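As a starting point, one isolated chain is supplied in structure tokens, in the form predicted alone.
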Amino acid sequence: MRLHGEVSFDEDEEEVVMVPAAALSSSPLNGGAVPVTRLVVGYALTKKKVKSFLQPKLLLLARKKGINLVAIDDTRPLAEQGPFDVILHKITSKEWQQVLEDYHEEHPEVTVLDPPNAINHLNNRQSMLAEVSDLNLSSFYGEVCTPRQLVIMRDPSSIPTAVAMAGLTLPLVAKPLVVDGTSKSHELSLAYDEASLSMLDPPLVLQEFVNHGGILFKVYIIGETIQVVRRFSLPDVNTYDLLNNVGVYRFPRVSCAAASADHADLDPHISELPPRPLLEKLGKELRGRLGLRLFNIDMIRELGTKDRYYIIDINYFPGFGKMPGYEHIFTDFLLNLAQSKYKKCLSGG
């Protein structure tokens, strides 16, 4: 597994022309010449995602490396477009998901990033962390946990009783249950006292707040490559805060790129990145369990510990455009996909 920093790019390098896996079925593989063409990547993204992800530097680098990025028109039948070697998508409608599943059944040679049924696992915070809870991932590099949480579907007045029965400790972080790609689905609230819990708006997930020095680690995963960035997060809560704060405090999206803490003067015990071997093991396990290759993990280190980490969110196809050097990492990832499939076809797999 490679961490960011091992990928280099020469602005003067020659254009690389790929042999797409979709063309292999018509290629003379037994000693004949293989037709040379570009890797065709169709993308079905929201306007917001197109603007943030398909930045000029990425488009230029893709062209130099022989990657042709083609917009998919979701108002037209997918079978009439293409052909594609890869389909990159982040549209959450059930109609689109069915279109994509039907297309992939007819064209299994096309790589879909990622399967809709696997993505759906991350669209609900009730199921999002289930795979992490089952990992029991601990080693001499550290321990990975999830905060205790409770799902509330309806009736705000029942929340205090439900919290008491579950034995959760205040304060509690409240997050929308459904993650649908909107900014609202990433907003959160902090409830300090029992009486304020009935002010929350279900359906939601309540998570026990873990003091973490106000720093969150965003662990980006693109295939087998990992990059970690620091973001400012919610400040720690002490006894004084609990005694003197009441009500619900609402926050916009906390860990956005504007909240970068990578160059801030921080206590090294708080800002030290999680160990690479631990991240490699975590990334490998989650890629396999989730069936995804494009996601990020929001991770915190419990204050006062060196090696106890909590995963508090997992996001599919996050804001890679905010990740330093994402253009090189992502285009290399696409090329590796094509090369792996080509080698598999050559070997008769």
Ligand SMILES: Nc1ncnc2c1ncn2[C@@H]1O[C@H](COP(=O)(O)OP(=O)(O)O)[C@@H](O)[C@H]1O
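Numbering starts at 1 and follows the sequence shown. These numbers were taken from a predicted model, which means no experiment stands behind them.
The discussion below concerns the form predicted together with the named molecule, not included here.
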Report task. Consider residue 249 of the chain shown here, and say whether it contacts the named molecule in the predicted bound form, taking contact as heavy atoms within 4.5 Å. Result -> no
Query raised in the report: Does the named molecule get within 4.5 angstroms of any non-hydrogen atom of residue 147 in the predicted bound form?
Result: yes
Query raised in the report: Is residue 72 a contact residue for the named molecule in the predicted bound form, using a 4.5 Å heavy atom cut-off?
Result: no
Query raised in the report: So in the predicted bound form, does any heavy atom of residue 216 sit within 4.5 Å of the named molecule?
Result: yes
Report summary line: Within 4.5 Å of the named molecule in the predicted bound form, heavy atom basis, the matching stretch of 75 to 83, 269 to 277, 113 to 121, 168 to 176 is 168 to 176
Query - Heavy atom within 4.5 Å of the named molecule in the predicted bound form - residue from 234, 100, 152, 163 - result: 234
Report task. Scan 226, 204, 132, 188 and let me know which has any heavy atom within 4.5 Å of the named molecule in the predicted bound form. Result -> 188
Requested in this report: Would you check whether the named molecule, in the predicted bound form, lies within 4.5 angstroms of a non-hydrogen atom from each of 125, 208 and 315?
Outcome: yes
Query raised in the report: From first to last in sequence, which residues of 278 to 308 have any non-hydrogen atom within 4.5 angstroms of the named molecule in the predicted bound form?
Result: 298, 300
